[in-house]
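So this first bit is one chain, no partners, the form predicted alone, shown in structure tokens.
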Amino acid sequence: MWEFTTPRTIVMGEGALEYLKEVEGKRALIVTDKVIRGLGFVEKVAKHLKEAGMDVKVFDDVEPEHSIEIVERGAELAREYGPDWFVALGGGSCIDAAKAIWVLYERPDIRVGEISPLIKLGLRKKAKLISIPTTSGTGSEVSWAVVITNTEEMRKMELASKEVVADISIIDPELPLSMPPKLTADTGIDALANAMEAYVSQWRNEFSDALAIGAIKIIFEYLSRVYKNPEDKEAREKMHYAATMAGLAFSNSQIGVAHALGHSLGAIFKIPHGRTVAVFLPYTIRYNAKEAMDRYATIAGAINIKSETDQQAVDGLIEAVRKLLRELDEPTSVQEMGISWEDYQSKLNDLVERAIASTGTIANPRVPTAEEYRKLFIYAFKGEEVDF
């Protein structure tokens, strides 16, 4: 048995932001960052909320790879202000920060690291959550995952609770129009990893499968196109929907070892999330194919890769992923990120330790040992073909 969890309401399409005018409440706290505020999005959202009769306050201290300290600061402001709506506006960092701030606001008796599917949080006694993504990648707007960086331990905390799934998700394709090409690539390839790992997860189901395959097809058709032509509104819109579809897919199945490896690398070397996950994707497809060859062959068929055997299909899929990475000017090996072998080797034990502890290990089609994780890190650094 598997419980498929989604926001109560998903509003999508041109003008979706105007749905905010219909939301009933007294006070809204917008959780965002200074870049988003500088783009004018905060003012637009606040205007709609005020038209709905709400008082509005803004917390814009969220940073990329946001920390526990930022979450605690936001929760302190929330307790002073007393909102009945949190409005998460931005990329995955802003949305995940808003989820954690909301939890600490309603449950001041617990710490950030205690957010877990095993603990009943009892949310929605004080407030509810609206999520509004401005990037097309993480899927956090519809997921129950909360990723927070523990800066002291140089570790990404992979937290989760079905209670933090947004009440309302607004998917407005106008918002990602301002994304620069590099951010388009990093977030778009993250969405691809989300969808592909959801499709091969041991916890997959028919509903997550349909969303994952749908997202993969859209991403292969439109991501390179929008990267090369940032003003392409059709491609922007398609990618925005694909990211949310991938978020629904992995949130109702599970991520895999590309995320485990990527979260580990990103936390230690401070590299953007999408880039670190994507660089491992071709290596983990080859590694996982021993247990999930038919699943990858189905993905290959969905994106029109011609083959006579499942093995040929997997080979073609790996090459298609690498080709897409090259088209997006993304690295295809860790050393292309500018990390020296000496520095990497000195952190290898820490990298492996963090990867093993990741939730991406649990439902992966093939569960790596510590030695296999070590090999994956080494092979991906050097760009070698996985042969184990």
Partner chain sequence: MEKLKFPSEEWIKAFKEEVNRNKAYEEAAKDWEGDFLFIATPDEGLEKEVVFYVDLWHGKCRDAYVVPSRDAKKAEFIYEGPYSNWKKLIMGEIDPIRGLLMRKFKLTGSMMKIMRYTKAASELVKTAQKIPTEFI
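Positions refer to the first chain, counted from 1. The structure presented is a predicted model; accordingly, all values stated were derived computationally and were not measured.
Not pictured, yet referred to below: the form predicted in complex with its partner chain.
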Quiz item: So which of Trp203, Tyr241, Tyr81, Phe207 gets a non-hydrogen atom within 4.5 Å of its partner chain in the model of the complex?
Solution: Trp203
Exercise. With its partner chain left out of view, choose which of Ala52, Val58, Ile339, Ile356 has a non-hydrogen atom within 4.5 angstroms of it in the model of the complex.
Key: Ile356
Quiz prompt | Full three-residue contact with its partner chain in the model of the complex, heavy atom 4.5 Å, for Trp2, Pro117 and Lys120 | solution = yes
Quiz item: Closest heavy atom of Ile362 to its partner chain in the model of the complex, within 4.5 Å or not?
Solution: yes
Quiz item: Is there a heavy atom of Thr369 lying 4.5 Å or less from a heavy atom of its partner chain in the model of the complex?
Solution: yes
Exercise. Find out whether any non-hydrogen atom of Trp144 is located within 4.5 angstroms of its partner chain in the model of the complex, and reply yes or no.
Key: yes
Quiz item: Want to guess which of 62-70, 348-356, 315-323, 25-33 is within 4.5 Å of its partner chain in the model of the complex, heavy atoms only?
Solution: 348-356
